[in-house]
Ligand code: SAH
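Single chain ahead, by itself, as structure tokens, in the form predicted alone.
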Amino acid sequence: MNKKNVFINTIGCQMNVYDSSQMAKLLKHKNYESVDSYTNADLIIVNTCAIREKAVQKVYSFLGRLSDLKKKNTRLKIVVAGCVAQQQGAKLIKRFPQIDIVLGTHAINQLPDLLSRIEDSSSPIVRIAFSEKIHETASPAISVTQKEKVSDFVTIMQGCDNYCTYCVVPYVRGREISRKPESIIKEIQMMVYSGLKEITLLGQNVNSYGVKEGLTSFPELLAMVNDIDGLERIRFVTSHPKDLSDQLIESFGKLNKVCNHIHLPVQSGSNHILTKMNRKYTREAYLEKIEKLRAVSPGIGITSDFIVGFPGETEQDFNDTLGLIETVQFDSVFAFEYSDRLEAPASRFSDKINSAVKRNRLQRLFTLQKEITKKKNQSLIGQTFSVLIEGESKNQLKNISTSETVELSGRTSENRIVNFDGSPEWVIDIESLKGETVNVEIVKAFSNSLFGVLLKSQIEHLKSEEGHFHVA
């Protein structure tokens, strides 16, 4: 069978990244190889996001660029997958007739079969029906000689039952469904077998994993993953505050592989706005859970999400949000201006906020958080952290360095980015060091990262291990 090239353009969240990797695995059985450029691809897949209008416009822009390419290469197949595909279905084909397949969020497993069908038909195919169960994609055999990523994602559930008034996820991802724990464990074991050291468990609300089906609870699943030999670190997103149980909080103290970091989206510091958002918790309840987390793990890294300018947000509501940020002292935050999404109830709320006001509030929020992050990072100077090496730093990759050292990058358990130099007397074998955990002393602090130096004892240890260094 002749080999074909596939280019996958992934837009959006980590779950889309995981879904794209699953499509790539399925296509390997059809003799497709992934390529870095769409101009020489036989198959182009754009895996889409509908959470904000900006992400949807990215999809439209990319599809527009493919029109001329399809005219030049009539054998080219174009697939639109993900949330925009689920949301718009056949409407996408009317707008972009170059599309061959519209693949909904529950139809990924059908991709190989649909590609075979489209070869024998000139009519585009739309598959956007929801399924009542998760299809477990069979992973191909993994070669132990090929070192895979140091860190990767595994989706443990899909869909959402929370129906926050600003969000389209329940409408484009469906109702909440959890995977069986044994399938999750088997998938992670295979990834660890290939060299993976860190896993991030994904779900719209991982805290409610298994509840509907009466399966293992999420803290129990974490304990099972914690027992996997060879795995060093466990992360998870996203964690809904209303379902953050005491048992899960205690996991940060009991399970040695669970990273000392939690992403706990609060969205607003105002009880008035939290009620309008249908978040089902109060400011006070959120702060109580932060206190419990820090009691179990005083140095835990805490990050969050915020939406500014939600319909009806007064200046006092926004000041409540700033006050919450001051109180919690987050390590970092993601924040966005509210934007209407067609299916979401908030799109029909009448008391919308002026765009200029939203921009001003967003800037004020970022200014405050930048000061907090800078202060927190500076307080870490002189401290030593364990850093899982992911590879060369972005600084190293962007610049041609005249230094004899190589700048490496990794993350602490608290999810802080740390860049550091290798030893000047030795040349580092980058590939062999990927996945190593090293001790780094922090010597400089920046807005979004830290810079450190390997401890002398760590350098001597690495020198003694064959393959990491050779004499310059």
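If you're wondering where the values come from, they're calculated on a predicted model, not measured in any experiment. Throughout, we count residues from 1 along the sequence that is shown.
Although it is not shown, the form predicted in complex with this ligand is what the next lines describe.
Colleague: Taking a heavy atom within 4.5 Å as contact, would all three of 204, 238 and 338 count as contacting this ligand in the predicted bound form?
Modeller: Yes, each of 204, 238 and 338 comes within 4.5 Å of this ligand in the predicted bound form.
Colleague: So which of 305, 213, 220, 326 reaches within 4.5 angstroms of this ligand in the predicted bound form, heavy atom to heavy atom?
Modeller: For this set of options, the contacting one is 305.
Colleague: Ok, 181, 269, 265, 124: which has a heavy atom sitting within 4.5 Å of this ligand in the predicted bound form?
Modeller: Contact residue from the list: 265.
Colleague: Hey, in the predicted bound form, is residue 43 touching this ligand, heavy atoms inside 4.5 Å?
Modeller: No.
Colleague: In the predicted bound form, is there a heavy atom of this ligand that lies within 4.5 Å of any heavy atom of residue 353, even though the partner is absent here?
Modeller: Answer no; every heavy atom of residue 353 is more than 4.5 Å from this ligand in the predicted bound form.
Colleague: For residue 167, is any heavy atom within 4.5 Å of this ligand in the predicted bound form, or not?
Modeller: Result yes; residue 167 sits at the interface with this ligand in the predicted bound form.
Colleague: Verify the contact flag for residue 30: yes if a non-hydrogen atom of it lies within 4.5 Å of a non-hydrogen atom of this ligand in the predicted bound form, no if not.
Modeller: Residue 30: no, not in contact with this ligand in the predicted bound form.
Colleague: If we take heavy atoms and a 4.5 Å cut-off, which stretch out of 440-448, 45-53, 410-418, 63-71 is in contact with this ligand in the predicted bound form?
Modeller: One stretch meets the cut-off, namely 45-53.
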